[in-house]
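Only one chain is given next, in C-alpha coordinates, and it is the form predicted on its own.
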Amino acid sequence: MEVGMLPISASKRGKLLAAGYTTLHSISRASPSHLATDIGVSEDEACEILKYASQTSSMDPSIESSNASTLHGGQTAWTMLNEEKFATRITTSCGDIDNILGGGITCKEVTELGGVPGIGKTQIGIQLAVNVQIPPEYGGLGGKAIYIDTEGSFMVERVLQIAEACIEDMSEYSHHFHNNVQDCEVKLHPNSILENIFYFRVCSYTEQIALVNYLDKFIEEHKDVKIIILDSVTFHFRQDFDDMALRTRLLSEMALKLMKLARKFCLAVVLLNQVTTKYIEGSYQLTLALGDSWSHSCTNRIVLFWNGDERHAYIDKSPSLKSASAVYSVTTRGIRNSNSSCKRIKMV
(Lines give C-alpha, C1' and ligand atoms only; values in the text may rest on other atoms or scores of the structure.)
Protein backbone atom coordinates (compact mmCIF):
# COMPACT_ATOMS: atom_id res chain seq x y z
CA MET A 1 0.00 0.00 0.00
CA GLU A 2 1.44 3.38 -1.03
CA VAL A 3 0.27 5.24 2.10
CA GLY A 4 2.15 2.68 4.20
CA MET A 5 5.41 3.93 2.63
CA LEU A 6 5.07 7.39 4.20
CA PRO A 7 7.38 8.07 7.19
CA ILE A 8 4.52 9.26 9.42
CA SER A 9 2.82 7.88 12.51
CA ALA A 10 0.40 4.93 12.28
CA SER A 11 -2.45 7.13 13.54
CA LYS A 12 -1.96 9.60 10.68
CA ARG A 13 -1.84 6.74 8.17
CA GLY A 14 -5.12 5.50 9.60
CA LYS A 15 -6.66 8.97 9.28
CA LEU A 16 -5.54 9.20 5.65
CA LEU A 17 -7.10 5.84 4.81
CA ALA A 18 -10.31 6.65 6.69
CA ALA A 19 -10.63 9.91 4.72
CA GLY A 20 -10.13 8.13 1.39
CA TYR A 21 -6.48 9.07 0.73
CA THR A 22 -5.32 5.61 -0.30
CA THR A 23 -2.59 6.53 -2.84
CA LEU A 24 0.25 9.04 -2.96
CA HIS A 25 -1.36 10.54 -6.05
CA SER A 26 -4.64 11.25 -4.20
CA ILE A 27 -2.68 12.92 -1.36
CA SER A 28 -0.61 15.05 -3.75
CA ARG A 29 -3.76 16.43 -5.41
CA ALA A 30 -5.06 17.87 -2.12
CA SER A 31 -4.30 21.36 -0.84
CA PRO A 32 -2.85 21.70 2.70
CA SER A 33 -6.07 23.24 4.01
CA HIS A 34 -8.31 20.53 2.52
CA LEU A 35 -6.04 17.75 3.71
CA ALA A 36 -5.89 19.25 7.21
CA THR A 37 -9.69 19.46 7.37
CA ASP A 38 -10.26 15.96 6.00
CA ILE A 39 -7.95 14.15 8.42
CA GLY A 40 -8.21 16.48 11.41
CA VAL A 41 -4.64 17.78 11.70
CA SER A 42 -3.03 21.20 11.59
CA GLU A 43 -2.04 22.79 8.27
CA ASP A 44 1.63 22.47 9.23
CA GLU A 45 1.19 18.73 9.70
CA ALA A 46 -0.70 18.53 6.40
CA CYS A 47 2.16 20.33 4.63
CA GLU A 48 4.61 17.85 6.13
CA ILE A 49 2.52 14.91 4.87
CA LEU A 50 2.34 16.48 1.37
CA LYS A 51 6.11 16.92 1.39
CA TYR A 52 6.67 13.26 2.34
CA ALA A 53 4.19 12.14 -0.33
CA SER A 54 6.07 14.12 -2.99
CA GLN A 55 9.46 12.78 -1.86
CA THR A 56 8.24 9.16 -1.71
CA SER A 57 6.70 9.38 -5.20
CA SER A 58 9.97 10.64 -6.68
CA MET A 59 12.02 7.97 -4.89
CA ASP A 60 9.86 4.99 -5.98
CA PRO A 61 10.03 4.41 -9.77
CA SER A 62 7.34 1.69 -9.61
CA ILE A 63 4.70 4.32 -8.84
CA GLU A 64 5.64 6.41 -11.86
CA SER A 65 5.81 3.34 -14.09
CA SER A 66 2.32 2.26 -13.01
CA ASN A 67 0.99 5.72 -13.85
CA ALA A 68 2.78 5.57 -17.22
CA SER A 69 1.25 2.18 -18.03
CA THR A 70 -2.18 3.64 -17.32
CA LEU A 71 -1.54 6.55 -19.69
CA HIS A 72 -0.24 4.25 -22.45
CA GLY A 73 -2.98 1.66 -22.05
CA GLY A 74 -5.11 2.71 -25.03
CA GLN A 75 -6.99 0.12 -27.08
CA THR A 76 -8.73 0.14 -30.43
CA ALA A 77 -12.48 -0.44 -30.54
CA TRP A 78 -11.81 -3.54 -32.68
CA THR A 79 -9.63 -5.04 -29.92
CA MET A 80 -12.31 -4.31 -27.34
CA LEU A 81 -14.97 -5.98 -29.50
CA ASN A 82 -12.88 -9.13 -29.83
CA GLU A 83 -12.18 -9.17 -26.10
CA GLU A 84 -15.91 -9.06 -25.39
CA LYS A 85 -16.58 -11.78 -27.95
CA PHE A 86 -14.07 -14.18 -26.38
CA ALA A 87 -14.51 -13.11 -22.75
CA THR A 88 -14.21 -15.87 -20.16
CA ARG A 89 -17.17 -16.49 -17.87
CA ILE A 90 -17.92 -18.30 -14.61
CA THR A 91 -21.05 -20.41 -14.46
CA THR A 92 -23.59 -19.79 -11.69
CA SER A 93 -24.76 -23.45 -11.86
CA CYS A 94 -28.18 -22.13 -12.85
CA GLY A 95 -28.60 -22.54 -16.61
CA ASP A 96 -31.37 -19.94 -16.79
CA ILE A 97 -29.25 -17.26 -15.09
CA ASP A 98 -26.25 -18.18 -17.25
CA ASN A 99 -28.42 -17.78 -20.37
CA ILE A 100 -29.45 -14.20 -19.60
CA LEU A 101 -25.82 -13.37 -18.66
CA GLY A 102 -24.45 -14.71 -21.94
CA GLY A 103 -22.83 -17.72 -20.27
CA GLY A 104 -22.19 -16.63 -16.69
CA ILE A 105 -20.40 -13.93 -14.69
CA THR A 106 -17.94 -12.20 -17.03
CA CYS A 107 -14.28 -11.71 -16.22
CA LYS A 108 -12.76 -8.21 -16.55
CA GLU A 109 -16.05 -6.75 -15.25
CA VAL A 110 -17.56 -5.72 -11.92
CA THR A 111 -20.97 -7.31 -11.31
CA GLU A 112 -23.27 -6.21 -8.49
CA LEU A 113 -25.89 -8.61 -7.08
CA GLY A 114 -28.38 -7.13 -4.64
CA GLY A 115 -31.54 -8.22 -2.91
CA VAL A 116 -33.49 -8.69 0.31
CA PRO A 117 -32.21 -10.90 3.17
CA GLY A 118 -32.77 -14.60 2.48
CA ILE A 119 -32.84 -14.23 -1.31
CA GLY A 120 -29.57 -16.17 -1.69
CA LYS A 121 -26.85 -13.54 -2.21
CA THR A 122 -24.25 -15.30 -0.05
CA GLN A 123 -25.28 -18.65 -1.56
CA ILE A 124 -24.52 -17.31 -5.05
CA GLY A 125 -21.22 -15.87 -3.80
CA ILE A 126 -20.16 -19.25 -2.37
CA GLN A 127 -21.30 -21.03 -5.53
CA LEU A 128 -19.13 -18.75 -7.67
CA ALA A 129 -16.12 -19.25 -5.35
CA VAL A 130 -16.47 -23.00 -5.96
CA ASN A 131 -17.33 -22.85 -9.67
CA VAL A 132 -14.33 -20.69 -10.59
CA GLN A 133 -12.23 -23.76 -9.76
CA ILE A 134 -13.91 -26.05 -12.32
CA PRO A 135 -11.06 -27.30 -14.56
CA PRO A 136 -10.84 -26.08 -18.19
CA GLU A 137 -11.65 -29.59 -19.52
CA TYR A 138 -15.08 -29.21 -17.88
CA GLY A 139 -15.62 -25.71 -19.25
CA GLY A 140 -14.27 -23.82 -16.23
CA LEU A 141 -11.31 -21.56 -15.53
CA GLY A 142 -9.37 -23.70 -13.06
CA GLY A 143 -8.79 -20.61 -10.93
CA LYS A 144 -8.92 -19.60 -7.28
CA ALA A 145 -11.20 -17.23 -5.35
CA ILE A 146 -10.91 -14.36 -2.89
CA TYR A 147 -13.88 -14.10 -0.53
CA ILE A 148 -14.16 -10.90 1.53
CA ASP A 149 -16.70 -11.25 4.35
CA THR A 150 -17.92 -8.05 6.02
CA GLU A 151 -21.00 -9.51 7.73
CA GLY A 152 -19.79 -12.85 9.09
CA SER A 153 -22.21 -14.77 6.84
CA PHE A 154 -19.62 -17.09 5.22
CA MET A 155 -20.31 -20.73 6.17
CA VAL A 156 -17.44 -23.16 5.53
CA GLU A 157 -19.75 -26.18 6.01
CA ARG A 158 -21.93 -24.83 3.20
CA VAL A 159 -18.85 -24.37 0.99
CA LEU A 160 -17.95 -28.03 1.53
CA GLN A 161 -21.50 -29.10 0.69
CA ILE A 162 -21.51 -27.12 -2.59
CA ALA A 163 -17.97 -28.31 -3.44
CA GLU A 164 -19.02 -31.96 -3.06
CA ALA A 165 -22.06 -31.37 -5.29
CA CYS A 166 -19.88 -29.63 -7.90
CA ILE A 167 -17.52 -32.61 -8.07
CA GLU A 168 -20.48 -35.00 -8.37
CA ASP A 169 -21.81 -32.91 -11.28
CA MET A 170 -18.43 -33.05 -13.03
CA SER A 171 -18.26 -36.82 -12.52
CA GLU A 172 -21.72 -37.23 -14.02
CA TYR A 173 -20.68 -35.03 -16.95
CA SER A 174 -17.62 -37.27 -17.52
CA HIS A 175 -19.69 -40.44 -17.61
CA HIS A 176 -21.81 -38.96 -20.39
CA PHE A 177 -18.83 -38.22 -22.64
CA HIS A 178 -16.20 -40.85 -21.76
CA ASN A 179 -16.38 -44.63 -21.90
CA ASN A 180 -13.07 -45.22 -20.15
CA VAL A 181 -13.44 -45.35 -16.35
CA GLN A 182 -10.08 -43.60 -15.82
CA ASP A 183 -11.14 -40.76 -18.12
CA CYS A 184 -14.29 -40.35 -16.01
CA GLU A 185 -12.34 -39.81 -12.79
CA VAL A 186 -12.52 -36.22 -11.56
CA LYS A 187 -9.10 -35.21 -10.23
CA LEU A 188 -10.45 -32.67 -7.78
CA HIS A 189 -11.16 -33.12 -4.07
CA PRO A 190 -13.56 -31.05 -1.90
CA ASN A 191 -10.69 -30.23 0.46
CA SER A 192 -8.61 -28.79 -2.40
CA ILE A 193 -11.56 -26.59 -3.37
CA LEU A 194 -11.64 -25.17 0.16
CA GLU A 195 -7.87 -24.60 0.05
CA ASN A 196 -8.27 -22.50 -3.10
CA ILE A 197 -10.65 -19.99 -1.48
CA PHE A 198 -8.75 -17.16 0.23
CA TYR A 199 -11.01 -15.85 2.99
CA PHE A 200 -10.71 -12.37 4.53
CA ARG A 201 -12.90 -11.16 7.42
CA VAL A 202 -13.08 -7.36 7.71
CA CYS A 203 -14.70 -5.57 10.64
CA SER A 204 -14.69 -1.88 9.62
CA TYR A 205 -14.79 0.28 6.52
CA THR A 206 -11.12 1.26 7.02
CA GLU A 207 -10.15 -2.44 7.03
CA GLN A 208 -12.24 -2.91 3.90
CA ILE A 209 -10.47 -0.05 2.08
CA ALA A 210 -7.04 -1.23 3.26
CA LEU A 211 -7.74 -4.77 2.04
CA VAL A 212 -8.90 -3.60 -1.40
CA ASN A 213 -5.65 -1.62 -1.68
CA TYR A 214 -3.67 -4.72 -0.67
CA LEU A 215 -5.33 -7.00 -3.24
CA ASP A 216 -3.13 -5.83 -6.12
CA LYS A 217 -0.02 -7.13 -4.34
CA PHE A 218 -1.80 -10.29 -3.16
CA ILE A 219 -3.00 -11.23 -6.66
CA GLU A 220 0.47 -10.54 -8.09
CA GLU A 221 1.62 -13.36 -5.78
CA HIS A 222 -1.43 -15.55 -6.55
CA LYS A 223 -1.99 -15.00 -10.26
CA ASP A 224 -4.47 -17.88 -10.57
CA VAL A 225 -7.10 -15.90 -8.64
CA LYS A 226 -10.00 -15.43 -11.06
CA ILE A 227 -12.75 -13.99 -8.89
CA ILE A 228 -13.12 -11.54 -5.99
CA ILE A 229 -16.37 -11.73 -4.02
CA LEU A 230 -17.19 -8.91 -1.59
CA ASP A 231 -20.03 -9.91 0.76
CA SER A 232 -21.30 -7.32 1.27
CA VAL A 233 -19.94 -4.07 -0.08
CA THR A 234 -22.61 -2.24 1.91
CA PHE A 235 -22.40 -3.36 5.51
CA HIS A 236 -19.73 -1.06 6.98
CA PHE A 237 -20.75 1.93 4.85
CA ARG A 238 -24.31 2.05 6.22
CA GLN A 239 -23.23 2.66 9.80
CA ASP A 240 -21.91 5.76 11.56
CA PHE A 241 -21.47 7.84 8.42
CA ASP A 242 -22.51 11.46 8.96
CA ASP A 243 -20.43 12.80 6.05
CA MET A 244 -22.21 11.38 3.00
CA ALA A 245 -19.86 13.18 0.59
CA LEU A 246 -16.92 11.35 2.21
CA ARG A 247 -18.79 8.05 1.93
CA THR A 248 -19.45 8.63 -1.77
CA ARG A 249 -15.80 9.43 -2.40
CA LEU A 250 -14.55 6.37 -0.51
CA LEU A 251 -16.96 4.08 -2.34
CA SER A 252 -16.09 5.58 -5.74
CA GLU A 253 -12.35 5.12 -5.18
CA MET A 254 -12.89 1.56 -3.98
CA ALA A 255 -15.04 0.74 -7.02
CA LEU A 256 -12.41 2.21 -9.33
CA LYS A 257 -9.67 0.07 -7.75
CA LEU A 258 -11.80 -3.06 -8.13
CA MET A 259 -12.45 -2.24 -11.80
CA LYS A 260 -8.71 -1.85 -12.36
CA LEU A 261 -8.05 -5.21 -10.68
CA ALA A 262 -10.68 -6.88 -12.87
CA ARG A 263 -9.06 -5.60 -16.07
CA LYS A 264 -5.44 -5.95 -15.00
CA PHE A 265 -5.71 -9.58 -13.88
CA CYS A 266 -8.59 -10.68 -16.16
CA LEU A 267 -10.78 -11.69 -13.24
CA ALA A 268 -14.40 -11.22 -12.20
CA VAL A 269 -15.40 -8.96 -9.32
CA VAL A 270 -18.76 -9.70 -7.69
CA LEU A 271 -20.16 -7.21 -5.17
CA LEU A 272 -23.10 -8.29 -3.03
CA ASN A 273 -25.37 -5.46 -1.95
CA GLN A 274 -28.24 -4.97 0.49
CA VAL A 275 -31.54 -3.15 -0.06
CA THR A 276 -33.04 -0.02 1.42
CA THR A 277 -36.29 1.93 1.00
CA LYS A 278 -36.65 4.95 -1.26
CA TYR A 279 -39.57 7.35 -1.62
CA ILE A 280 -40.66 7.13 -5.26
CA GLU A 281 -43.84 8.62 -6.74
CA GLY A 282 -45.73 8.88 -3.46
CA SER A 283 -44.72 5.59 -1.87
CA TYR A 284 -41.75 3.83 -0.32
CA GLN A 285 -40.17 1.19 -2.54
CA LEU A 286 -37.28 -1.23 -2.10
CA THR A 287 -34.09 -0.31 -3.94
CA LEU A 288 -30.45 -1.36 -3.74
CA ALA A 289 -28.45 0.44 -1.06
CA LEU A 290 -25.71 3.11 -1.33
CA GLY A 291 -27.61 5.58 -3.50
CA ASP A 292 -27.86 6.57 -7.15
CA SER A 293 -24.19 7.51 -7.57
CA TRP A 294 -23.11 4.00 -6.53
CA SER A 295 -25.36 2.44 -9.18
CA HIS A 296 -22.96 3.74 -11.86
CA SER A 297 -19.90 2.16 -10.24
CA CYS A 298 -20.47 -1.37 -11.55
CA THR A 299 -20.47 -2.79 -15.07
CA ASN A 300 -23.51 -5.01 -14.50
CA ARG A 301 -26.26 -4.74 -11.89
CA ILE A 302 -28.46 -7.75 -11.11
CA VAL A 303 -31.43 -7.40 -8.77
CA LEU A 304 -32.59 -10.52 -6.90
CA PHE A 305 -36.21 -10.57 -5.75
CA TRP A 306 -39.12 -12.78 -4.73
CA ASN A 307 -42.13 -13.25 -6.99
CA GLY A 308 -44.52 -15.31 -4.92
CA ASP A 309 -42.59 -18.43 -3.93
CA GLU A 310 -39.98 -18.07 -6.67
CA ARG A 311 -36.62 -16.35 -6.64
CA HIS A 312 -35.88 -14.18 -9.67
CA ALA A 313 -32.66 -12.59 -10.98
CA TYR A 314 -33.22 -9.49 -13.12
CA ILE A 315 -30.57 -7.66 -15.18
CA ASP A 316 -31.24 -4.07 -14.15
CA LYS A 317 -28.22 -2.47 -15.86
CA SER A 318 -25.59 -3.65 -18.31
CA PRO A 319 -23.81 -2.08 -21.30
CA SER A 320 -23.83 -5.35 -23.27
CA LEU A 321 -26.76 -7.42 -21.96
CA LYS A 322 -30.44 -6.75 -22.52
CA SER A 323 -32.79 -6.54 -19.54
CA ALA A 324 -34.12 -9.99 -18.75
CA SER A 325 -35.02 -12.13 -15.77
CA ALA A 326 -34.51 -15.76 -14.79
CA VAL A 327 -35.93 -17.97 -12.05
CA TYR A 328 -33.50 -19.82 -9.78
CA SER A 329 -33.52 -22.00 -6.67
CA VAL A 330 -31.26 -22.38 -3.64
CA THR A 331 -30.97 -26.12 -2.98
CA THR A 332 -28.86 -28.35 -0.77
CA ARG A 333 -26.53 -28.75 -3.78
CA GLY A 334 -26.24 -25.01 -4.38
CA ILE A 335 -27.75 -22.66 -6.96
CA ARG A 336 -29.82 -24.49 -9.56
CA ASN A 337 -32.65 -24.02 -12.07
CA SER A 338 -36.00 -23.55 -10.41
CA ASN A 339 -38.42 -26.40 -9.87
CA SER A 340 -41.89 -26.55 -8.35
CA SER A 341 -40.69 -28.30 -5.17
CA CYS A 342 -38.52 -25.32 -4.07
CA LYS A 343 -40.92 -23.11 -2.16
CA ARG A 344 -40.26 -20.00 -0.11
CA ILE A 345 -39.73 -20.75 3.57
CA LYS A 346 -42.14 -18.80 5.75
CA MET A 347 -40.36 -17.18 8.67
CA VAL A 348 -42.22 -17.46 12.00
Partner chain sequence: MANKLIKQMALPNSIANIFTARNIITAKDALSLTEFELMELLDVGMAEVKSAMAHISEVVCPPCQTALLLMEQRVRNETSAGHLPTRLRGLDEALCGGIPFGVVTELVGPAGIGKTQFCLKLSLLASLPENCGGLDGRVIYIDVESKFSSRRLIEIGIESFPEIFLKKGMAQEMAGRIVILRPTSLSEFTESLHHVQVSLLQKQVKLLVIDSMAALVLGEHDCGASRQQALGWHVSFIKSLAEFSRIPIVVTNQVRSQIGDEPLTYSFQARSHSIKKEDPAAYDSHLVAALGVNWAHAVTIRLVLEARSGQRFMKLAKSPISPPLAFPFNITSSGLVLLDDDGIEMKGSEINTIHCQGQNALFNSEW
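Numbering follows the first chain given and starts at 1. In this text, the rigid core denotes the largest set of C-alpha atoms whose superposition between the two forms falls within 1.5 Å. Source: prediction; values computed, not measured.
Below, we turn to the form predicted in complex with its partner chain, even though it does not appear here.
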* To do: Report whether the minimum heavy atom distance between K121 and its partner chain in the predicted complex is within 4.5 Å.
  => yes
* Asked: Heavy atoms within 4.5 Å of its partner chain in the predicted complex: does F198 have any?
  -> yes
* To do: Using a 4.5 Å heavy atom cut-off, state whether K108 contacts its partner chain in the predicted complex.
  => no
* Is there a heavy atom of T287 lying 4.5 Å or less from a heavy atom of its partner chain in the predicted complex? -> yes
* Which of 261-269, 135-143, 97-105, 201-209 has heavy atoms within 4.5 Å of its partner chain in the predicted complex? -> 201-209
* Asked: Judged by heavy atom distances of 4.5 Å or less, which residues of 207-239 approach its partner chain in the predicted complex?
  -> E207, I209, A210, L211, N213, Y214, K217, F218, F235, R238, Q239
* To do: For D316, state whether the C-alpha moves by 2 Å or more between this form and the one not shown after rigid core superposition.
  => no
* **Shift of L17 between this form and the one not shown at or above 2 Å (CA, core fit)** => yes
* Asked: Is the C-alpha displacement of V303 equal to or greater than 2 Å between this form and the one not shown once the rigid core has been superposed?
  -> no
* To do: Based on a C-alpha change of 3 angstroms or more, tell me if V270 and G14 lie closer or farther in the predicted complex than in the shown form.
  => farther
